[in-house]
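Quick heads-up: it's one chain on its own, the form predicted on its own, in structure tokens.
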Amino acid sequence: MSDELEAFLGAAVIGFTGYVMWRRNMRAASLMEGTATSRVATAAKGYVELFGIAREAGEAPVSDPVQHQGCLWFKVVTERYNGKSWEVVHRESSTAPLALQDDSGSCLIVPGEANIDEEQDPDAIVRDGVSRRYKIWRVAQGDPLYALGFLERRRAAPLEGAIPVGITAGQAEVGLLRVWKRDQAKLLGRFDLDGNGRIDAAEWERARVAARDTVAGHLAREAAGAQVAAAAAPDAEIGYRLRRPDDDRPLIVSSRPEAEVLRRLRRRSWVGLAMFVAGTLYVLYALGRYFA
């Protein structure tokens, strides 16, 4: 491959990467500026901006695998020096949920859905010799926490138990009666009160009542079990969840102040714009030379 072609392809890649970086960071900055800060318990369902402190969500604290410091969340990026620059060889982050708490309530955040502190400087850089280093980001208990995402109430545990979703109690009752009718001897022994060898209308009504009571008792036991399990869950008192929206808007979480996050987003957007302009100009220059 000629040097001119390599330069052309490199410029095209740089221009495209810069365009994506510019648009993504500019959009995130615009969303942050255009979304007013809300309180967890009084915010309307939808895309909101929250500020509070980080707290555990009922899970045991984690610790980063390099310095072994306890925290609520960590990310470690392992880099290797190839003689010219540092290249990423491994990424690792914790997956245990954490919570954002303000003076009105708490909301659950699942780290895998969020861009947590990815635009920020690491909390620590640990070198392992001259050719390997670890960048560590952490969120600790009580750290200030900024978040931008889709807020919703958490759904209660289902109460239907073993009855499939979409099946009503009436349908379950009919199904149970059909099961009983398959064993006529047992059905007669239970509901043929006059012993005439058949089930009359009054006896069939008793069977229907018994089936209805059986279904209702089953549902009550399942509901009680679900309520006990929900109450025993470590994050049961957290009534809200902040998640990534269904569209392409981001879920941003940071232990840095909003102003710092916004400043870094703008800086990265300008870097991306410079890459886009430089790459595009070189591509146009190379095309002009080729067709000339």
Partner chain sequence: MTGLAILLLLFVAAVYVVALYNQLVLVKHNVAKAWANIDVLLKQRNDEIPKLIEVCRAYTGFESVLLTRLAGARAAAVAALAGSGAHAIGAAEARLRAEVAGVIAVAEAWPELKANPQYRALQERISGLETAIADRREFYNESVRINNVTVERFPTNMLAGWFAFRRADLLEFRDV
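Quick caveat: nothing in here was measured; it's all calculated off a predicted structure. Residue numbers count along the first chain shown, from 1.
In what follows, reference is made to the form predicted in complex with the partner chain, a form of this protein that is not presented.
*Asks:* May I ask you to check whether Ala259 falls inside a 4.5 Å heavy atom distance of the partner chain in the predicted complex?
*Replies:* Contact with the partner chain, no.
*Asks:* Would Leu284 count as a contact of the partner chain in the predicted complex, using a 4.5 angstroms cut-off between non-hydrogen atoms?
*Replies:* Looking in the predicted complex, residue contacts with the partner chain include Leu284, since a heavy atom lies within 4.5 Å.
*Asks:* Within a 4.5 Å heavy atom cut-off, is Glu33 in contact with the partner chain in the predicted complex?
*Replies:* Yes, Glu33 is a contact residue.
*Asks:* Test of understanding: in the predicted complex, would Arg267 fall inside 4.5 Å of the partner chain by heavy atoms?
*Replies:* Outside the cut-off, so no.
*Asks:* Which residue, Ala57, Val62, Met26, Leu251, has a heavy atom that falls within 4.5 Å of the partner chain in the predicted complex?
*Replies:* Only one option qualifies, and that one is Met26.
*Asks:* Let me know which residues along 253-292 have a heavy atom within 4.5 Å of the partner chain in the predicted complex, or say none if there are none.
*Replies:* Heavy-atom contacts within 4.5 Å come from Leu273, Phe276, Val277, Thr280, Leu281, Leu284, Tyr285.
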